[in-house]
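What follows is one chain in C-alpha cells, specifically the form predicted on its own.
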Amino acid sequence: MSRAASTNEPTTDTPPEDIAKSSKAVGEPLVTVENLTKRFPIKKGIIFQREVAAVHAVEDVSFAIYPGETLGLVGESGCGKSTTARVLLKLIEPTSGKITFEGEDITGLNKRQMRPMRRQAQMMFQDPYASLNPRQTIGQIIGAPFRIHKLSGDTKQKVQELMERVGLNPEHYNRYAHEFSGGQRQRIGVARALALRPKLIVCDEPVSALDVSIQAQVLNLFEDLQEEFGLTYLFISHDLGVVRHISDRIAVMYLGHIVEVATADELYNNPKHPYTAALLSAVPKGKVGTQVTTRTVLTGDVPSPVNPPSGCPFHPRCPKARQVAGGDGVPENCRVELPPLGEVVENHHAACWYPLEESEELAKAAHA
C-alpha cells in the first residue's frame, strides 16, 4: 500500500504526464493540460453590465494524452466534460491554465495562429443529425476541410476514398444528410474528422444517439482507424460500458473537477473515489465487468456550478464521508480542504481524503 493510501493524504503536484500512465504512454505526450479552468461570467444590468457571479464549468483540470492512446472522460451531464473538450481545442478560451500540443504552448494563440494546429486536431459531435448541414451534399460536407485549408488535388476522389474507408458507398457522394440513417450520418462525421489526417480527434458523446447495435459498429470503426492511422482520442461519454470498451485510461469528472484517473481495468475493478464507485454500482451487473456489486444510492442533488461547495465538491453527497464521521455529518477536511488528485495506490490517482479500500468493496460483494 502506498503512503497516500495508508495516511489518507494523497500525494500532490503530480505532473500531468505521470497521472496513471497506461501501457501506451511512450515518449512525450501529444497533448498536455495543466490547471485548466473555465468560468462563464454571469452579468447583470441592461446598459452597464457588471459581473455578479460565474459558472464554474471546469476547475483546475490537469491531464496528458499520449500518441496512439485513448483517454476516456466520463461523468454526469453538466459536469464539464464537453467544456473541457472545447477549451482543449481552443473553440472557447480558457479562463486560466496551460494547453500544450506536441510540445508547443497553444494557450495564448489567436485564431490565425491556431490555423495550422486545426489540421492536427479535429472534433466529432454528439448529434449526427444536427452536426451536418442539411443544405449540403455529403461530398460537400466531407470535402469542407480540403476547401477551408486550400489543399490541392482531386477533392472528389479523396472524399470518395474516405467514404469507402468508413463504410459508406462512394456512389452516394451527391446525396444529402436526410437520406442517411443515424449510424451512417455518424460515419459521415468520422470521415469529415479524418479528412486532414489529424493526430488527435476529440469525440464528444459520438455514439450516445445511436442504437446499441450501431454503437458497437461505430466503436469498432474508431478502433480500426486508430490502429490504421495512429490516431489519438479524447473520448467523452456518460456510458460507462462504452468508455471501458474503447479507453486505455479513464478520467472521472464531477462538478468541473477530475476526481479519479486510472487505467480502464483498474478503475472498473478497484475504484478509489466514492463517486466512481457510485457510478459503477448503477451499471447493470455484468455489463462492464466491474467488481462493484452493491448498489450505492447518492442522496441530494448535484450542487450548482454557480455556487459550488467548499472543500471537496462531492462531500455533500458522499457516503464515505458520512461513514468516516459516524453520522449524518462529514469530516472537517472534506468540508474545508479541496483534496488534490494524488496517487492513492500505484498508478491510480484519486482526489479524496478517504479513498476506498479494496477490502471494503470485496466485503460489500461478499454480503450482496
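Residues carry their position along the shown sequence, with the first being 1. Because the structure is a prediction, the values reported are computed rather than measured.
Missing here is the form predicted together with a small molecule; even so, the following discussion is about that form.
Asks: Would you classify L279 as touching the small molecule in the predicted complex, given a 4.5 Å non-hydrogen atom cut-off?
Replies: No, L279 sits far enough from the small molecule in the predicted complex that none of its heavy atoms falls within 4.5 Å.
Asks: Is G143 one of the residues lying within 4.5 Å of the small molecule in the predicted complex, judged by heavy atom distances?
Replies: So G143 does not count as contacting the small molecule.
Asks: Does the small molecule get within 4.5 angstroms of any non-hydrogen atom of E179 in the predicted complex?
Replies: No.
Asks: Give a yes/no on whether R244 approaches the small molecule to within 4.5 Å in the predicted complex, heavy atoms considered.
Replies: Contact check for R244: no, nothing within 4.5 Å of the small molecule in the predicted complex.
Asks: Tell me the stretch among 147-155, 100-108, 80-88, 171-179 that has any heavy atom within 4.5 angstroms of the small molecule in the predicted complex.
Replies: Partner-contacting stretch among the options: 80-88.
Asks: Consider the chain as shown here, without its partner, and state which of D265, E76, D224, E161 has a heavy atom within 4.5 Å of the small molecule in the predicted complex.
Replies: Looking at D265, E76, D224, E161 one by one, just E76 meets the 4.5 Å heavy-atom criterion.
Asks: Within 4.5 Å, heavy atoms only, which of A325, V55, V302, L30 is in contact with the small molecule in the predicted complex?
Replies: Flagged contact: V55.
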